[in-house]
Ligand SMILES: Cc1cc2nc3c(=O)[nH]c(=O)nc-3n(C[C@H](O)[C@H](O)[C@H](O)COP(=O)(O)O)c2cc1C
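To begin, one chain is listed below as structure tokens, in the form predicted on its own.
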Amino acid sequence: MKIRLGAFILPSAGAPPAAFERGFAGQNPNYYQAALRDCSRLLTQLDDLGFDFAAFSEHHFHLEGLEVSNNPVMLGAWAAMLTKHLRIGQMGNVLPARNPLLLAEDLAMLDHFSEGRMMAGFARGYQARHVATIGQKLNAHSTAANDPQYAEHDRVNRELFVEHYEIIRKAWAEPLFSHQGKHWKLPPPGIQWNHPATRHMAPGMIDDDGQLVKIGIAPQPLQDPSTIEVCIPFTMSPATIEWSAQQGVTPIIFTPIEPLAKGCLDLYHSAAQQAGRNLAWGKGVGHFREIVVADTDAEAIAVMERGLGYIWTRWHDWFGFNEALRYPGETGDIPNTPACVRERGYSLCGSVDTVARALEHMIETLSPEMIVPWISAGPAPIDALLKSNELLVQKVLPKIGIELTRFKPTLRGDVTAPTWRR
């Protein structure tokens, strides 16, 4: 059986948990340099091991240091220079708070920098501090389980998300386009642009009266736009799963709870079939997990508790992440402990044999074609993370008959010259 592995890397500041507790770790230049140093080692290793992609998140104002990842496209450009085969993604660009034209341009540039290895990840945004500040001119709101105005904020968020996604796809695919939506008029009316060079070199951009009537981005992506893989990370929302199935987008399911994950797969499969996409059950979908492998269970647990076990319980619980660990029908608080994250199946943590059994069960029950390990670069010791990845690929996967495969990008039909590095 073949599976794609993608790595989700925040990254966090390069420091042990005690340094975070002293405050303002995100603004410490030494910690950020350490994070880049650790991530560079991870990226080159993942490239060599056969991982399909690495992806970074988007979070702003992270003085706490737990998610110092404010520009995943810029991090991706840096990662592209370090690697040759690894695809470069985002988990994800927070679409409701972004200018979709600028993001379409940035991703197209990343595609060229990486010679066609860009994959696009779009998120709806759950951190109010970031979404409401960056997206204030768009009246953007975050969507988080602990928001008392969730219904209205979720409606506005989804409205912006869908329109921005439509604009990005148009910009990638159409040499010239216009857009008339609720939030954007592209181009705006009344722009005079009666330039003779434009009339000659970009016919159709202006009308007979010299009014700008269409726009386009340059460059467009190196890949054939219809084949670019798009992911929606950290989702359990039925509306998002149905939309993803209809659009041919890959949702990365967040919950490890088997009945809930199976419900997400059932919904995606049904919606895909209704949209005319003939997919086998479980395909077209990815799954998040943390995977930590060490020589012994105790050693792996120690690494996990310094990494995701610290980040999750110190930071993410406040945003309702523990709801992804809730069993159907369960009431009351979910224990906010590293042990709970492990015991409920989000963190597959242990020796080669322990992780092999856990992965084998996951594969038997969910039929995944993509698994996205969350690698806690920053607080977790980098040598232990590198060893974990090596054991996973060289020991665990062969033990259960799994081979790694990679998505093969398709370049535009008019690409004839060698790419820049070749």
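In this text, residue numbers run from 1 along the sequence as written. If you're wondering where the values come from, they're calculated on a predicted model, not measured in any experiment.
There is also a form predicted together with this ligand; it is not shown, and the following applies to it.
Trainee: Verify the contact flag for residue 240: yes if a non-hydrogen atom of it lies within 4.5 Å of a non-hydrogen atom of this ligand in the predicted bound form, no if not.
Mentor: Output for residue 240 is yes: heavy atoms within 4.5 Å of this ligand.
Trainee: Is there a heavy atom of residue 38 lying 4.5 Å or less from a heavy atom of this ligand in the predicted bound form?
Mentor: Residue 38: no, not in contact with this ligand in the predicted bound form.
Trainee: With the cut-off set at 4.5 Å between non-hydrogen atoms, does residue 109 touch this ligand in the predicted bound form?
Mentor: No, residue 109 is distant from the partner.
Trainee: So, residue 334 and this ligand: in the predicted bound form, are they within 4.5 Å at any heavy atom pair?
Mentor: Answer no; every heavy atom of residue 334 is more than 4.5 Å from this ligand in the predicted bound form.
Trainee: What stretch, of 290 to 298, 213 to 221, 250 to 258, 183 to 191, brings heavy atoms to within 4.5 Å of this ligand in the predicted bound form?
Mentor: Partner-contacting stretch among the options: 250 to 258.
Trainee: Under a 4.5 angstroms heavy atom criterion, identify the one residue in 350, 233, 135, 100 near this ligand in the predicted bound form.
Mentor: If I apply the 4.5 Å criterion carefully, the residue I get is 233.
Trainee: With this ligand left out of view, choose which of 126, 113, 315, 281 has a non-hydrogen atom within 4.5 angstroms of it in the predicted bound form.
Mentor: The residue from 126, 113, 315, 281 that makes the contact is 126.
Trainee: Which residues, if any, of 54 to 68 lie within 4.5 Å of this ligand in the predicted bound form when only heavy atoms count?
Mentor: If the 4.5 Å heavy-atom criterion is applied to this ligand in the predicted bound form, 54 to 68 yields 57, 58, 59.
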